[in-house]
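What follows is one chain in structure tokens, specifically the form predicted alone.
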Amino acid sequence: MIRVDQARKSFGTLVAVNDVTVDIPAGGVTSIIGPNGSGKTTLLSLISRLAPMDSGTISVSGLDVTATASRDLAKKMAILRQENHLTMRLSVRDLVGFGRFPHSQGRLTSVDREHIDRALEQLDLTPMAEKFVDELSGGQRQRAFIAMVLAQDTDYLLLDEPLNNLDMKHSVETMKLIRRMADEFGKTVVVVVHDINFASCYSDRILAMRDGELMCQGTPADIMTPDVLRTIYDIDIRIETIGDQRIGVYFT
């Protein structure tokens, strides 16, 4: 599991993560929701060691993220950042190959190439493997970055707002891929999402944050209630049940 104990992070006088304690069990999809500035991305950055904690401890599958060697941690956990800017023109295959760096250190073996080919196939990217990334649509490009972290072959995948700049179709496709990574590939996926309805429909559990604090956690049924959502977002959100999904209506 991922264990966060009294994690705290400040930027000057702003407390971005305020003594958060939570256990994220292995397996399934955990979504982190909350308004802008609630600390979602900062918490994910602390877990992935992209940002140092001011205090507290975090472990991933028993490994202390502050004390474990980067190469060892990268074999256990992969992260897809919110913004992914390429400084060079890469083919899709080359981009996915970067996911193997913790294992290959830049010298790809036959085993590495098998992982790359498998990730391309699993995300339906094989036909465009030799295309340049900047030639892809938004949805295809996002799938290529997800294939990169999948090729890293870690038990834990951390995805920071993977739906950024995607239209409805590509957002749905991406969330289906995230669900598939948990169900078919056995990954533990932690994802930051803005849309509460994507969190509701595709998650096993939800962490709800506000002002740097973890306000609520539980199943989608636990979180998708008018009282809980008002506590998080400070607006009235009506809940409709469609099939077996709880949908928040907040635009009326």
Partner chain sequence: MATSLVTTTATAVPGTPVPSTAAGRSRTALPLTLGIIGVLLLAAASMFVGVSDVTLPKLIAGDTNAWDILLISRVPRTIAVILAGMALAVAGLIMQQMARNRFVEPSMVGTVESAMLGILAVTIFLPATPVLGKMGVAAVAALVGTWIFLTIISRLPTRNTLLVPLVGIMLGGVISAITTFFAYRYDLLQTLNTWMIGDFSGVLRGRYELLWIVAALTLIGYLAADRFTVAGMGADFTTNLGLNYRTIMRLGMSIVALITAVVVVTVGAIPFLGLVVPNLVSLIFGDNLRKAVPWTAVFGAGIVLVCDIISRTIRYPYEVPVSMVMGVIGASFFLVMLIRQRAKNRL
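Numbering follows the first chain given and starts at 1. Quick caveat: nothing in here was measured; it's all calculated off a predicted structure. Throughout, rigid core stands for the largest set of C-alpha atoms superposing within 1.5 Å between the two forms.
In what follows, reference is made to the form predicted together with its partner chain, a form of this protein that is not presented.
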Whether residue 171 contacts its partner chain in the predicted complex should be assessed with a 4.5 Å heavy atom distance threshold; does it?
no
- [ ] Would you please decide whether residue 110 lies within 4.5 angstroms of its partner chain in the predicted complex, comparing each non-hydrogen atom pair?
- [x] no
Notebook entry, point to check: Would residue 122 count as a contact of its partner chain in the predicted complex, using a 4.5 angstroms cut-off between non-hydrogen atoms?
Noted result: no
* Asked: Would residue 130 count as a contact of its partner chain in the predicted complex, using a 4.5 angstroms cut-off between non-hydrogen atoms?
  -> yes
Answer among 46-54, 27-35, 209-217, 184-192 for heavy atoms within 4.5 Å of its partner chain in the predicted complex: the stretch 46-54
query = its partner chain in the predicted complex: within 4.5 Å of a heavy atom of each of 115, 153 and 164?
reply = no
So that I can tell if residue 100 moves, could you say whether its C-alpha shifts by at least 2 Å between this form and the one not shown after the core superposition?
no
**Item:** Core superposition between this form and the one not shown, C-alpha change of residue 154 at least 2 Å
**Value:** no
